[in-house]
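First, one chain by itself in C-alpha cells, the form predicted alone.
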Amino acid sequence: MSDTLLVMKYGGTNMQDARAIRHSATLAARSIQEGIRVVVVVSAMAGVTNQLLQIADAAQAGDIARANDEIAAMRTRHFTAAQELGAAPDSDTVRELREMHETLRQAVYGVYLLRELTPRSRDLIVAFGERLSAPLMKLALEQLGQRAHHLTGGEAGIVTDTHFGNARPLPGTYGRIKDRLSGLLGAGVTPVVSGFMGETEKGAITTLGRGGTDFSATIIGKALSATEVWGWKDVDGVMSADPRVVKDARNIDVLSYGEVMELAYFGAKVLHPLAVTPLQDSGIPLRLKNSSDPDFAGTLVQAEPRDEAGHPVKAVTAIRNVSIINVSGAGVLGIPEVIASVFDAIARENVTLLMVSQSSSMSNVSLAVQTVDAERTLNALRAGVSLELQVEQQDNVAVLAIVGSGMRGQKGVSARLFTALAAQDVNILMISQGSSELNISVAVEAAHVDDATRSVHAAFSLGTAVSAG
C-alpha cells in the first residue's frame, strides 16, 4: 500500500448514465490497483439537480401531478443505470434507490401540502441528486472487483452551519471526516461520498452552494491530508477562455489558488469559488483532469503562481446576465455613513457584488450584480438608504475579467485590455481592479461580450504558448 491518497471528484457528465459511471469507476480503480488509496466524491447525474429544483417549485405552486411525473422519470433513469451496471431487481442497490425515491416523494408532498418551500426543505430535496448517484458508483466499483462503501456528506463527517443553500463547514468537520473515513481506507474499502451536501449539528441536510461537490472534495482532501485532489471533468482542465466562444482557447498547465478563485468568481465554470480554501492552509494541490483523456496532466492548481514572461494574463472570462445598479444623489454620497448604509442594505439581502466602482466626486456608486439579484438589491436599497438617493437599474450587461498573477507590477496591461476593447467598438460601462492585482474587470453591454472576449484573448496572445514552461 503506498502512502499516496487521492480524493477524486466526478462531475455530473461523468455520472450521467451507466456508461459514464462505469468509466468513472474504471478511472478510480486504475489508481486503487496501483496501491493508491482513493476517496470518491460524486455529483448528481447531469441535469438532476435542476430537475429536483423544478420538482420543488412545482410542488410549492400546487402542481403535484407534474412533480410526481418528474420523480417517476428520475426514478426510471436511476433504476435503468443500476440495471445496466449489473444490479439484480432484488439487490440492495435497487432497494436503496426505491426507498430514497419514496422519501423524496414524501418530502415533495409535504411542500405541496404546505405550499411552502423553505430553504431547509429545498436543501433536503435537492441533495437527493448526490444521494442517488453514490450507490450507483459503489455498485460500479464492486463490479470491477473493488470493495466500496457509500456515505452521505453528513455520514462522511461534513458538519455545517445552518445557512441552508450555501452552508459552510464547521471547524470540527475535519476531525470527524478523518475519524469516519480512515477506518474504511485502512480496511481497504473505498469510500464513495455524496458531494454538495453536509448536515447541521442537529442532523438537518444542508447544501454547500452550486458546484459544491468540488468543495466537498477539497474539505475531505484537507481532512485526510490527501496527496492531491483530482477533479474529473469533461474538458482538459482550465482553459484560457470559454472554448465555445474562443476557438483557439488553450489548456493552462499551472494556476495558483488565487488565480483559480478569481476565475471561478468571474464566471469560469471551473470550480466552486470556495473550493480551494480548505487546501490553502495545507498546500494540497488540486488537479483538474479530463476523464476522456486520463493520461493528460490537465491543470495543476497549487499555492505558488507560475509566471511566464510575456504572459502576464492567463485567462479571460465573462459573467453574463448582469445588471448595474447606479446609486446617485448630489452631495449625499460624500457622507461615509451613506456609503455604509448602501453596503449594509446589500449585505442583509446576502447579494454577491461582482464589481463596485465609485466616482471621485462621491456622487455616484455603481454596483454590478447578477440580474436575478437585481430586484432584491433595488428593493433593499430603496428601503434601507436615505430618500434623497436615486437608484437606477441597467440590464443586459456582462462582466469581462482578465486574470493572472503576472499582472502585478506589470505596466501596460490595462492599456492592452482597453485597446483590444476599443478595436471592437466595445463601450465600457464600469471598470474595477482589485488591490491584489490578480484581475481587472470591466462591465460591457451583453451583446458585445463574445467579440470582446475574442479580441482580448488575441491581444494577450493567449492562444499561443500559454502552457509553455
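Since we're looking at a predicted model, the values are computed, not measured. Each residue number is its position in the shown sequence, starting from 1.
Only in words, not in the display: the form predicted together with a small molecule, which the text now covers.
**Student:** Examine Gly212 and determine whether its closest non-hydrogen atom to the small molecule in the predicted complex is within 4.5 angstroms.
**Tutor:** Yes.
**Student:** Though only this chain appears here, would Ser43 touch the small molecule in the predicted complex if you measure heavy atom gaps against 4.5 Å?
**Tutor:** Looking in the predicted complex, residue contacts with the small molecule include Ser43, since a heavy atom lies within 4.5 Å.
**Student:** Is there a heavy atom of Phe128 lying 4.5 Å or less from a heavy atom of the small molecule in the predicted complex?
**Tutor:** Phe128 lies outside the contact set for the small molecule.
**Student:** Would you classify Thr49 as touching the small molecule in the predicted complex, given a 4.5 Å non-hydrogen atom cut-off?
**Tutor:** Yes, Thr49 is a contact residue.
**Student:** Heavy atoms within 4.5 Å of the small molecule in the predicted complex: which of the stretches 347 to 355, 102 to 110, 203 to 211, 163 to 171 has them?
**Tutor:** Flagged stretch: 203 to 211.
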